[in-house]
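Presented as structure tokens, the chain that follows is alone, the form predicted alone.
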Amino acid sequence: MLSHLRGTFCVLSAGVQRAWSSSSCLFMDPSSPGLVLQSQSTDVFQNLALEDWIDAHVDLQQRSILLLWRNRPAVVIGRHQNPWAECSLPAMRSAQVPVARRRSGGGTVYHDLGNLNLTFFASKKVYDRRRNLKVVTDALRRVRPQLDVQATDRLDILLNGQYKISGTASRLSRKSSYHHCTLLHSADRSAIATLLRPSCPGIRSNATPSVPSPVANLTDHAPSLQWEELLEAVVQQYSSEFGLTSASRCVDPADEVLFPGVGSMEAELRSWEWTFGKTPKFRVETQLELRDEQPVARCSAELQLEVKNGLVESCRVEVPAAWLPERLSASLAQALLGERFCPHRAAAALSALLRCESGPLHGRLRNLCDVLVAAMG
């Protein structure tokens, strides 16, 4: 059973010295070659920030670290992915599910309290993803010998040779590394199907695409497997594999005394500039279906957008002149330049244009604006 961290940190007189001394007491214990930590937070941004903090501030040349964490519902995309192509942003806003961009590569994953995240920290010299995954598969075989679990060449873990129960991603720095993976215990698979679908049609991009796979929960095939039992098995297997003797410890990733500066890391991960602004440059080429109720009529328009750093770099809207004068469609395109590729910001930018057009074409212009905004996810 995971034990809680007690207040046994060193305390010095100055605040900054006290903070770094606390960290030193936790991460530089010479009696153990490694450490197992469990995050007390279920906030995706806090947990990702804790990963970044450990990677940036802990000397991993002499020890390994396993961080165990889980999140409230969230969608996590890879460092080089496009959120508009990977997840349904409208559905996520409706369900109040955040999207987070991590610093490692790989594909998009859904997190909730039924998914265990494991982050293996080590020096670059001893970086070994297969060894890490062996910890997971051996732990599962220990608690449920009947489970057929195998790591694949893609470094996923499959159940019964076909159902993905774990995906993997990693980040290599100059001297250190971390490898993290998911483990589906009892996640909401209906949310996975609902949220992991594109927001926008017609995206053209060199961003890393996710590779869809059939998934399963461990509890689908081992209904009696409890969450605490799974955690304990992973901790025991990791300790056995890496020769650890000390107990695992619970930590608060928002604790600035233990992790000085982690709050600023969290703030960056929460920012629009990181989550959306770091998206690789992409184009949107799609058809917009327009309609007018008075009189009833229909029409199609062509939308072409280029987006860089999350901002509209170029925009072209082609609407038949018989439907809407070219001056209005050109004004619409011009109003979006430099704006965030975001329905709220686009709607605000187009509202001024709508206020200026009060004649008989106002309804058609509003319809075009509404459809265009909806196409932004």
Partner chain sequence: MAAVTRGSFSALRVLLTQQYRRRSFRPQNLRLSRTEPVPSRWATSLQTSCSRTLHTAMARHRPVVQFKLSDIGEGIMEVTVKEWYVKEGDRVSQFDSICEVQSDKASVTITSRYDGVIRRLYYDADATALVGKPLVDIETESASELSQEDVVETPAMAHEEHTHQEIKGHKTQATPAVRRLAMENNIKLSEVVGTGKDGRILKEDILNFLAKQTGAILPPAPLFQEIQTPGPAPVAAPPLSAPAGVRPPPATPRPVFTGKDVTEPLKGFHKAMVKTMTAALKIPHFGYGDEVDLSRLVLLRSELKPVAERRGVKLSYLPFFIKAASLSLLHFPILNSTLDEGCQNITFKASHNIGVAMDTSQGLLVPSVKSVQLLSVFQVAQELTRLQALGAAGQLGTAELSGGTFTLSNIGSIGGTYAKPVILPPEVAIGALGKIQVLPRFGPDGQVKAAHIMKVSWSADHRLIDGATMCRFSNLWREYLENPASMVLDLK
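Numbering follows the first chain given and starts at 1. Note that this is a predicted model, so its numbers are computed, not measured.
As for the form predicted together with the partner chain, it is not shown, yet the points below apply to it.
In the model of the complex, the residue from 80, 189, 204, 134 that sits within 4.5 Å of the partner chain by heavy atoms
Contact with the partner chain in the model of the complex is made by 80 alone.
Let me know the one among 138, 232, 255, 156 whose heavy atoms come within 4.5 Å of the partner chain in the model of the complex, would you?
Only one option qualifies, and that one is 156.
Within a 4.5 Å heavy atom cut-off, is residue 291 in contact with the partner chain in the model of the complex?
Although the partner chain is absent here, residue 291 would stay clear of it in the model of the complex, with no heavy atoms inside 4.5 Å.
Do residue 194 and the partner chain share at least one heavy atom pair within 4.5 Å in the model of the complex?
So residue 194 does not count as contacting the partner chain.
Using 4.5 Å between non-hydrogen atoms, is residue 375 touching the partner chain in the model of the complex?
Close contact is absent here: in the model of the complex, residue 375 is far from the partner chain, nothing within 4.5 Å, heavy atoms only.
4.5 Å heavy atom contact, residue 321 and the partner chain in the model of the complex
Residue 321: no, not in contact with the partner chain in the model of the complex.
For the interface check, one of 224 to 232, 105 to 113, 300 to 308, 256 to 264 should have non-hydrogen atoms within 4.5 Å of the partner chain in the model of the complex; which one?
Among the listed stretches, the partner-contacting one is 105 to 113.
So, a 4.5 angstroms cut-off on heavy atom distances: do all three of 147, 162 and 271 pass it with respect to the partner chain in the model of the complex?
Judged in the model of the complex, none of 147, 162 and 271 sits within 4.5 Å of the partner chain.
Within 312 to 345, the residues that have a heavy atom no more than 4.5 Å from the partner chain in the model of the complex
Stretch hits, in order: 331, 334, 335, 337, 338, 339, 344, 345.
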